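Next up: a single chain in structure tokens, the form predicted on its own.
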């Protein structure tokens, strides 16, 4: 089974890209499953179900979504293998732009929105920097000049990634993404595999449920700003 991690900022069009990719792969006789990792709520289960794609959805709740992903992705691969999928896709939103769900030896896709601003690629961090493929959505709505500047900023962050523009409504551009997906390496298990980037190291009182503000309530690993 091939495993693909898809990540990107909220509302960047990840689900639409996956559905357009599914069109291409199913035309080629591939069976696909999706595991959706989110924080509090998601309506994507209905979209995948209506599309006939088996899906599992998990919510991190009060836990760090990136730690939640890492703690469950091995079980997700086991589920995909038991279901007999040819390709399993994990979808997760990079909420803080500090983290990345990408795994060494696993095809990594970052989805970003061309309408989010030309400087957005420089703000996203390891989710984009360590991606194998950067998918740009909504490029049909902006000018050619804006697309060029956007691509330049992507290259400044990740010079080796392949950049693919996809229309999430019509599916234009998904054919090339499908070729990359089919050439992804096989993944039998993730045991012993490593993330491409570390998760946050901070474990502080606010991580464990503290809500009060003040130095007397701040414990654990903290980083303070210096003010004149």
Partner chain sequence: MTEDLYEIIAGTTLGELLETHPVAADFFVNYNLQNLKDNLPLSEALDYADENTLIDFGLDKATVLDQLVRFLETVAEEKQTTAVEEITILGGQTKSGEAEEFTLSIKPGEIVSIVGPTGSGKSRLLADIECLAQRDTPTKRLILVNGKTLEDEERFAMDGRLVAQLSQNMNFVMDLSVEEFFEMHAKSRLHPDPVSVAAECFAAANELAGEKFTPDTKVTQLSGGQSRALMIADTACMSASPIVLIDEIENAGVDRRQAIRMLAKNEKIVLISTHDPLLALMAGKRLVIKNGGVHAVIETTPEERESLAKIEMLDNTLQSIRNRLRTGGRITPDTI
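Quick caveat: nothing in here was measured; it's all calculated off a predicted structure. Residue numbers count along the first chain shown, from 1.
Below, we turn to the form predicted in complex with its partner chain, even though it does not appear here.
Stretch 113-121 is the contacting one of 85-93, 113-121, 99-107, 71-79, since its residues have non-hydrogen atoms within 4.5 Å of its partner chain in the predicted complex. Within this chain, residue 27 lines the site of its partner chain in the predicted complex, having a heavy atom no more than 4.5 Å away. Although the partner is absent here, residue 51 is not a contact residue: none of its heavy atoms lies within 4.5 angstroms of its partner chain in the predicted complex. By the criterion of a heavy atom within 4.5 Å, residue 191 is excluded from the residues contacting its partner chain in the predicted complex.
Residue contact with its partner chain in the predicted complex: residue 42 places no heavy atom within 4.5 Å of it. Not one of 11, 32 and 60 places a heavy atom within 4.5 Å of its partner chain in the predicted complex. Taking a 4.5 Å heavy atom cutoff to its partner chain in the predicted complex, the contacting residues in 124-157 are 129, 130, 140, 141, 142, 143, 144, 145, 146, 147, 148, 149, 151, 152, 155, 156, 157.
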